[in-house]
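Given as structure tokens, the chain that follows is alone and in the form predicted alone.
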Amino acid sequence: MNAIRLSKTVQNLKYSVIREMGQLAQGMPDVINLSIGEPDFPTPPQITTRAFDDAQNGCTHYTPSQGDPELVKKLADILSSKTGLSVTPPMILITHGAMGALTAAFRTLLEPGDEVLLMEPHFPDYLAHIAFARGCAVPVETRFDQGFIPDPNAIEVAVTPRTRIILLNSPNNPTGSIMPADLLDKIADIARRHNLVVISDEVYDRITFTGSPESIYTRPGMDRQTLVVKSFSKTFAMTGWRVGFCYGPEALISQMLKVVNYSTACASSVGQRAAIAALDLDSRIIEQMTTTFEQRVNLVCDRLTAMPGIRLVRPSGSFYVFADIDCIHPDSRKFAISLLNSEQVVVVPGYAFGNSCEGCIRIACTLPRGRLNQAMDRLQRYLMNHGGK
């Protein structure tokens, strides 16, 4: 039998480093996993109870590809109030997680060879979604000494005739940085002058420690060329329900709807009923979870800054800490694997988040404080035993 011909695009992709680190830890005793960006809280019972009741009452069939009409209408009202702009139901699309929104957006917007500017460090999965759409990812590096905040001049220089999209992520995964208002103004100016679409990934916008972040969508005229991507997964501890959504210009949403129609048909009907319940959840429950994440992040940051050879920028949002360990070991993969084998602590090597991130690690503060302290004790012991350069 002749060898099966496989897609070069798929062959050239690397398996998720985040998932790989978790797999390497399988079978090890007493592993502390700080790799997966998933809240450890259960979905609030107010959400699950209503979703299960709806399922018992027959909400288990296909929904329209755009989404459950009740959910779409509810989001339209909330988004209009929050943005101060008119966000109507035809401008909203419910997707199979935020990844479903990214998939639909890139396939709708990109022709083969078109370029996407993405800020580095970046969520690793962006590269795969862009590749599947036959686009080209063009990283724009940010700097540790500038708090991982992008330089608008670097974005401007990276624009070419093939550039179609500027991809933003604020609060950022993995750094937790939040783009300030004046930077959003400058990026909006670049997008308008070069007629670029901005995709603004805002899935962590409710997990912030310094006030609500602003969105580029609200800049003058940017509602006509911005797609905002959000998710119920992180905010409401609903990762397994697989419900995300996006909103933007109706002309773009109507075409993305075709991709959703043919790729997933629709998001989970039961998941969408859970999302409706989530929108009615007492905001104090979300605030309480956010406060817990902030306390955990502060604990990890305080412990890390007391360890010789480690540098970090305190995050303003998300539940990640991105630490520079280059003075200890410049190869982040070797460091992460050595730490795992020596102390059974899982972290994500920095190179997964871009070539310029070598020498860093990402820590997800998604475990109780006692367990995080144990992880920091183990890391401190590892540093004592292995030294640095």
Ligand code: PMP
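Numbering starts at 1 and follows the sequence shown. All figures in this text were calculated on a predicted structure; none of them were measured in a lab.
If you look for the form predicted together with the ligand, you will not find it shown, but the lines that follow are about it.
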Candidate site F209, T290 and F322: all three near the ligand in the predicted complex by heavy atom within 4.5 Å: no
Partner contact for N169 in the predicted complex: the ligand, 4.5 angstroms, heavy atom: yes
4.5 angstroms heavy atom contact with the ligand in the predicted complex for S233: yes
Y204 within 4.5 Å of the ligand in the predicted complex, heavy atoms: yes
Close approach of Y126 to the ligand in the predicted complex, 4.5 Å, heavy atom: yes
Interface residue in the predicted complex among R107, R242, R219, R296, criterion: non-hydrogen atom within 4.5 angstroms of the ligand: R242
Option touching the ligand, based on a heavy atom within 4.5 Å in the predicted complex, out of L102, L227, L93, L71: L102
Contact segment among 157-165, 278-286, 196-204, 210-218, judged by heavy atoms lying within 4.5 Å of the ligand in the predicted complex: 196-204
